[in-house]
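Look below for two forms of one protein chain, each set out as structure tokens: first structure 1, then structure 2.
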Structure 1
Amino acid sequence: MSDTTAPKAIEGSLGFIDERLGSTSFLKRNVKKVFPDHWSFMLGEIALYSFIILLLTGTFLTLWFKPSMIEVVYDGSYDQLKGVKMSEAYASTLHISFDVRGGLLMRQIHHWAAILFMASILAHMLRVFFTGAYRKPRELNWLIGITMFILGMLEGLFGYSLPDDLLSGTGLRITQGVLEAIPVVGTYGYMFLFGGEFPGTDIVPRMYMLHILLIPGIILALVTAHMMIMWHQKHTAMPVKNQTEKQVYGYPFYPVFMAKTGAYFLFTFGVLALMGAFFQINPIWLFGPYDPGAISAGSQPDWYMGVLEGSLRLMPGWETNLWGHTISWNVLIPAAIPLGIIFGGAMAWPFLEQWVTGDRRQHHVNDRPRNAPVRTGIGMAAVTFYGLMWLAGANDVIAEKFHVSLFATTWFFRVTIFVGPVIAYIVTKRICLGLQRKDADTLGHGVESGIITMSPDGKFAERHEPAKEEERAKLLAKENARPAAPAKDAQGIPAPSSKGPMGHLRARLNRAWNIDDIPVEEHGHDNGHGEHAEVEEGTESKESKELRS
């Protein structure tokens, strides 16, 4: 809960602003806004801190990086490449790494921050999905998050392609192939980005503009929109004691949340600085300048592009020639279908779930993943699909490390990307239902106390005690399955939403969503049912006596 009285420590500053802008009523009202507290909420904050560090370190690198493909002869401090012809972009990156004070550290912090940014966004999105935090009224923020992840992939691709080393040039070669495989508009897209024959002299300057201006600007605008919507709608909360759909329970923005978020930012920066100092990443001087006629074994992109790499490696070499035009299915399908399924499915999911369940209420308290087994199962199926694709991007490395043929490794992934998600869905759903039964048992029978008692006839049993109030509040947060709307009214007239193929499909999906629901509710606790109660009280029921006689 919050009030409109500003804390005394900042009352003077707010007064200064109010006398000039007249806007402190908003600040006074919101400076004590309550934020729920849970460790998983920090994942989104880490993404924000990483983005800030990316902007700061990226600004430093722009002071020395030269986005030019003009050929120069290297004459810097790295002796192994002295006298070698290379692009000015590659030479300036070597200059930053070996001749600018702190340059290599900044490069490495920048790269690690990009990796952490993408990892924290993905982890944050998984948390939002598995807890149902995308439900009404937060669908827009869900779509913004997915868009930011896609833009982050492009930003990362353009960023690590700028140095024009052998590894990044190989990635650009793949980018060229993907663009040209798109029917009708692909060649136009290729010309806009590359400006001529591959690799050409325009690609690095154009990627540089996209990398430092357009894409960061869009991401910054989306981050701002994301924060404003979150502030307006208030943060979701995990099911805890005193937390309801209408009352937020947590800590005020000032001073608790501000102190915590400041500490988390410094901690994130410290970790990235240590990683930049001690863990080498993207050593372009070892790869050498890009040569279209050369390739190195074991080349891997950054992890967030691994899924695209894997899908390309698994696709058979299918091509179709029609009326003098070649359609490269071996590039078009892996570039569009897997990512289309993952991102398109993720964008459509909140609206699909709402349509299937008929739940159009606003939700401010999250679900525990076990309480939505279908959603959790589908989420794990998607994670499995994504993970297998990602692993397939390293099929050559896996084949070498495990001493199996590359052919066998490729076929293994071709099969498991279809079988694995199905198994993941079934196993995850059964685990969720098992956990629901455990929750129902805890409410019905209490928790084990660790106290063993002996009955007068020598039987031993453990005493059960009622669950603590905090635990009960968490368990009782589960909503039992809501019955579907009747397909026909009292006069036998079908409801409009149940008519036609779509109505039948919706009814079937609704039944599949709710069919295995385990009720989790209180039944009136008796300090341990049946045998436990008998042992503690030293009595036996008539049925027990009959069974023993």
Structure 2
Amino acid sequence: MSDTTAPKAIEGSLGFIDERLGSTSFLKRNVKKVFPDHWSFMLGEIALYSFIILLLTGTFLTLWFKPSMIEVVYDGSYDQLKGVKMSEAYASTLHISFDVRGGLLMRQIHHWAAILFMASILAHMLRVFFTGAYRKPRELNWLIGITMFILGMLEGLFGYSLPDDLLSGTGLRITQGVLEAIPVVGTYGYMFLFGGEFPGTDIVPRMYMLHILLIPGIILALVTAHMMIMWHQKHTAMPVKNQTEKQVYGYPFYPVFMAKTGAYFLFTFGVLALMGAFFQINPIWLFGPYDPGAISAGSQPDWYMGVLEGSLRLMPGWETNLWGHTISWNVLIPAAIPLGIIFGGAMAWPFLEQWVTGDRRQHHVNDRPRNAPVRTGIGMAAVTFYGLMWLAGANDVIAEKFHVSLFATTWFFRVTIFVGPVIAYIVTKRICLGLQRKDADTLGHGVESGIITMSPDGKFAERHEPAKEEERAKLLAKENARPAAPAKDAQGIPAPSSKGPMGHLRARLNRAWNIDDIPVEEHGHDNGHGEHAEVEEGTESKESKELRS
């Protein structure tokens, strides 16, 4: 189309804004911004959209929820609890569920969205980790992401504690017990958070403020930063044809990506509405109001708290008493160490990897997981550790379902959280190397074509064909192990990074990182046609001959 005058309405409003902000040059630069495409890139989008849905449905809920622990006698339309004494928080949650039209739906969508939010962040983080997308220059966004996940855990805990039903009260009680175990300041933290002893009357209004204002405010700020950094740095791309460190290949933001991402938002909302409509979640009316002497059996927290629950269950009852002071290892260790390892490790990882590999370049094209076996192995070890701990959070359910004794499940997990990650590391690394070997093979010898040829002297051989160009581009994206920098330079002066115990450690780790790399190389046949292919066919049949004899 050669006609470049836009319709009047658009021209007019663009003009209005441009004359005041000069925005058109920004828009011009960004309207066709390229977004590389891969299914796994939508995981982060789902998290973003769940967050928006959380803000929308949450706002709806605040219109009726009363964050108060004043005792009232229930007089709503849920007959089973009529005349029962309960906190206003619980009564107003019942009111939202049974007397506000669409209230139950909004509550359920809100809760499902929280679960999806955390799940999609986790999936997104795993994608980023296993493809090495956190590498320079994207370490900051990696750190922001982890911070958001941790904040999400807190936000979720406060959120499901607000209705003040029996289940949430039990969760709060555990929170209080853990807080109390902190050395020196534990009891002060406890008294200050609860405004006195558990449960008191302050905790719900305080959590409410944190839940609807402070934490979502921080998350919103971090989301904004996350998106702006992503936009500025441009999205990473999977190692496919046309994607290089210098250029990005894909569809333009407007109209394709915009429409697609809009559709994702609608899908996310649609699916959550479906869940809210047809899958009951957190039926607080069945649990009853909080009563410190009661507990419902089989009470499980939301999934993202399962790790903490599991680690608390696995810990043996260790405690020390010294000079009139008590240290509860049985609470402190499980509360701090496992998640400390996971989150602390994840935060330090990009910098650790940089230190070990000595790779300080910027990366925009992702790694395929197989091409970084140590990273992938460690990632799988962490997944195993987390997963086992998480499963242990439901060991009573497991014991019941599979008819084994509870003690047996506890001991099973106590052992496997140490052994499991090691096995996972070894197995994963082996698989990665196997896949690398296969890739090298594909490049070197081509792909089995399924065609059996008979040569004039009567020998049968399967023809191998060179892989397609797209496939070759993907395989060749692998970077072969780079030789470690020599420990000494030409004059025999040791490089500063290789001195001292840290230098030795670094050298050893570097060797471990690279040692069993299987290099891939271009075999020089352009697009698989030409003389080389013929030569290769020759070798092929020689090999198959050897195989036969």
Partner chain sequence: MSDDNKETAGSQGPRGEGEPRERVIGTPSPARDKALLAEDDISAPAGSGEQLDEQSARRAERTVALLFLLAFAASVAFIAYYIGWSGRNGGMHGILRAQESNFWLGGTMAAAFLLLAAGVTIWVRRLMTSKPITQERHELTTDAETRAAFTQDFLEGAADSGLTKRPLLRRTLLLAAAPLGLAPLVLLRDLGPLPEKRLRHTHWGEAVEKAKAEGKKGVRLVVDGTHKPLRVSDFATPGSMITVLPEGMEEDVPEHDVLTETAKAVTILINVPESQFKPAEGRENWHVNGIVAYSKVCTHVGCPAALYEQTTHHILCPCHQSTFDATDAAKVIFGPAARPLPQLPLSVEDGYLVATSDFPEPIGPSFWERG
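In this text, the rigid core denotes the largest set of C-alpha atoms whose superposition between the two forms falls within 1.5 Å. Residue 1 is the first residue of structure 1, and the numbers go on in sequence order from there. If you're wondering where the values come from, they're calculated on a predicted model, not measured in any experiment.
- In this pair, the copy labelled structure 1 belongs to the form predicted alone.
- Gly420: CA moves less than 2 Å between the two structures after rigid-core fitting.
- Once the rigid core is used as the reference frame, the Cα position of Phe279 differs between the two structures by less than 2 Å.
- Relative to the superposed core, Gly189 undergoes a Cα shift of 2 Å or more between the two structures.
- Fit the two forms on the rigid core and the C-alpha of Ile452 turns out 2.4 Å off between the two structures.
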